[in-house]
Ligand SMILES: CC(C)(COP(=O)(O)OP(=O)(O)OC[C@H]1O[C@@H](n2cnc3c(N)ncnc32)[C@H](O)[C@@H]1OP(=O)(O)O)[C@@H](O)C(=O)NCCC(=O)NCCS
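First comes one chain, alone, set out as structure tokens in the form predicted alone.
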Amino acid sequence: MEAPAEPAVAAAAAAEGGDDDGRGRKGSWYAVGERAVLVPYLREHVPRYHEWMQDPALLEATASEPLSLAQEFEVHRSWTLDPLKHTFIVLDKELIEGDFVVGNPHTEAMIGDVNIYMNDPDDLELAEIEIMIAEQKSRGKGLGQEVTLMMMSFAVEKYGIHTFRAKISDSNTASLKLFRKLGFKDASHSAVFKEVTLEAPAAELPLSSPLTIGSW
């Protein structure tokens, strides 16, 4: 595991695409937890992800619009290239066929995704985080909490993030409960968007450390 990056250096590298792996993409990593593995969002994952996003409940929970498969591939490409976004597909270890193999998309075990967005131009060390466990069979197992902590640990180590923000629909009670349990505090509420904004300093979160991170 690499030494933690200095926050300013990590943010600058993210803003300038400094993590490019020489193939026009950001550098790719995977992370291993107790019950979950985070892997890069690959083209092989897009069809299954597209299936998930046809579910009206998931669209509402994630404040998303339905897309065609072609549009989903284009979104995948843009996310892969954007230095201010980082997306992982979540694998449930119990669903991996055989051993976990770096480079294998393991589509059979994909159950959701987790994202960070460094979308505040005044503070690239602040990240908005989103988590989705799309597969019903993998809910209620504590994976949401584990994956959220893994992603935030990764973001601190690789991007020098000091504060996390989550914007969650009023109706998404499970996510609100999760983030409040982790220590996030309500920062504001939008009556127009029916959305709660929560924030937490990284230093006050029970992050997964050390986190097993490897190059993809």
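The structure displayed is predicted, hence computed values, not measured ones. Quick note: we count residues from 1 along the sequence shown, nothing fancier.
Form predicted in complex with this ligand: not shown, discussed below.
A.B. asks: Closest heavy atom of G103 to this ligand in the model of the complex, within 4.5 Å or not?
C.D. replies: The answer is no: G103 has no heavy atom within 4.5 Å of this ligand.
A.B. asks: Any chance N119 has a heavy atom within 4.5 Å of this ligand in the model of the complex?
C.D. replies: Close contact is absent here: in the model of the complex, N119 is far from this ligand, nothing within 4.5 Å, heavy atoms only.
A.B. asks: Would G144 sit within 4.5 Å of this ligand in the model of the complex, counting heavy atoms only?
C.D. replies: Output for G144 is yes: heavy atoms within 4.5 Å of this ligand.
A.B. asks: In the model of the complex, is there a heavy atom of this ligand that lies within 4.5 Å of any heavy atom of S175, even though the partner is absent here?
C.D. replies: Output for S175 is yes: heavy atoms within 4.5 Å of this ligand.
A.B. asks: Work out which of the listed stretches, 37-45, 53-61, 151-159, 187-195, brings a heavy atom within 4.5 angstroms of this ligand in the model of the complex.
C.D. replies: Result of the contact check: 53-61.
A.B. asks: Find the only residue in L126, A109, M132, L84 having a heavy atom within 4.5 Å of this ligand in the model of the complex.
C.D. replies: Checking each option against this ligand in the model of the complex, the one that comes within 4.5 Å is M132.
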